[in-house]
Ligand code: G3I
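Only one chain comes next, encoded as structure tokens, the form predicted on its own.
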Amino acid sequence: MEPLTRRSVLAGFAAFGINSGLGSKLSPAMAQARGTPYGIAVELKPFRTDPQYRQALIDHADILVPMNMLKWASLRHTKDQFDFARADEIIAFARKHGKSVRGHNLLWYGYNPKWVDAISSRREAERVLVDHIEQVVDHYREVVPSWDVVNEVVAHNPLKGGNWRDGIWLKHLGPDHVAIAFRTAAKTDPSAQLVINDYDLANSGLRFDARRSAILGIVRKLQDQNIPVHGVGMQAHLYAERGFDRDGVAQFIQKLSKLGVNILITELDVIDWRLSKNTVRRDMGVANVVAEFLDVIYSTTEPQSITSWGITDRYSWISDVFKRKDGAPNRPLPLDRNYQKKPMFDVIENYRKAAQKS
């Protein structure tokens, strides 16, 4: 594939003026063309209550990802019972409308029910973890073809205290918790794509170098144990004020490729709290950040998918966690609060479609 550049993807904006969105000007035939599959993480409440939200999923997604409904606290209210009803609701909708599904996630240090914190021994922790993964993966065998098996197992800063994220699983199982999770998932559904998913893998700096190195180390160790790992999910919660490490990311992707491991972009949005209050300038700033990030990835490989962590500014975790000091509503996602396409949407579409043509 001939490398894409941020300049080539954004060049068309100037022709239409800063307010224009290229995606809205595509012909119906072009709009139906598909390149890199595009996924959307689905929140349950708006999925149930907002018809526009459901229509946006139908109109724009190739893949749906239950945002929270496959996490432990959603599935395991009690130790002895599994509640698949809410996740099944989203997955049934996906299948009805011809969408694929990704599972997020089988193991995480967070979002666990309180009874998990009461686990008191290695033996109990392993039994609970293995049983959970067997039950969940088997329930969705041949329905969910791709899983984030482990999520955020690398320490926020591996330069301080080592590579591993603290949590209940590390406490009782040590680093073996990752191998146990992957081995169990592979045994339960040998056909599933198994992914390690983590954040802060694209930026410049020693902490980011260390995080990429930690992921590579985990992948190699799993493979040395003949445990399959098929993909690395690069969460893309992008800070507009950070720069990307083009060479570092290229080397990271190339090393993974030599190991037979693919790249997925899994949680794309933009933390816009330090961008201009002016809506037009901010939307272009967000689009520029996304274009720079995608250019870093696509210059080395085409990712297997691009998934945004939501679809509309109306519903986003960033609005709760990264509130702007000027009080302006956050604008982190491809569609605005009225479900209109923004420049970010157009950038994603242009990269996806350009990759198809290459």
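None of these values were measured; they are calculated from a predicted model. The first residue of the sequence shown is number 1, and the count goes up from there.
The discussion below concerns the form predicted together with this ligand, not included here.
Novice: At 4.5 Å between heavy atoms, is residue 104 in contact with this ligand in the predicted bound form?
Specialist: Looking in the predicted bound form, residue contacts with this ligand include residue 104, since a heavy atom lies within 4.5 Å.
Novice: Spell out, yes or no, whether the shortest heavy atom distance between residue 82 and this ligand in the predicted bound form is within 4.5 Å.
Specialist: Residue 82: no contact with this ligand in the predicted bound form.
Novice: Given that the partner is absent here, does residue 56 sit within 4.5 Å of this ligand in the predicted bound form, heavy atoms only?
Specialist: Contact with this ligand, no.
Novice: Looking at the partner-bound form in the predicted bound form, is residue 67 within 4.5 Å of this ligand by any heavy atom?
Specialist: Close contact exists here: in the predicted bound form, residue 67 approaches this ligand to within 4.5 Å, heavy atoms only.
Novice: Just one of 193, 188, 262, 235 has a heavy atom within 4.5 angstroms of this ligand in the predicted bound form, so which one?
Specialist: For this set of options, the contacting one is 235.
Novice: In the predicted bound form, which of the listed residues (164, 108, 140, 208) lies with a heavy atom within 4.5 Å of this ligand?
Specialist: Selected option: 108.
Novice: Based on heavy atom distances of at most 4.5 Å to this ligand in the predicted bound form, which listed stretch, 144-152, 126-134, 246-254, 217-225, is the contact stretch?
Specialist: Going through the listed ranges, the match is 144-152.
Novice: Which residues, if any, of 256-281 lie within 4.5 Å of this ligand in the predicted bound form when only heavy atoms count?
Specialist: Only a single residue, 267, comes within 4.5 Å of the partner.
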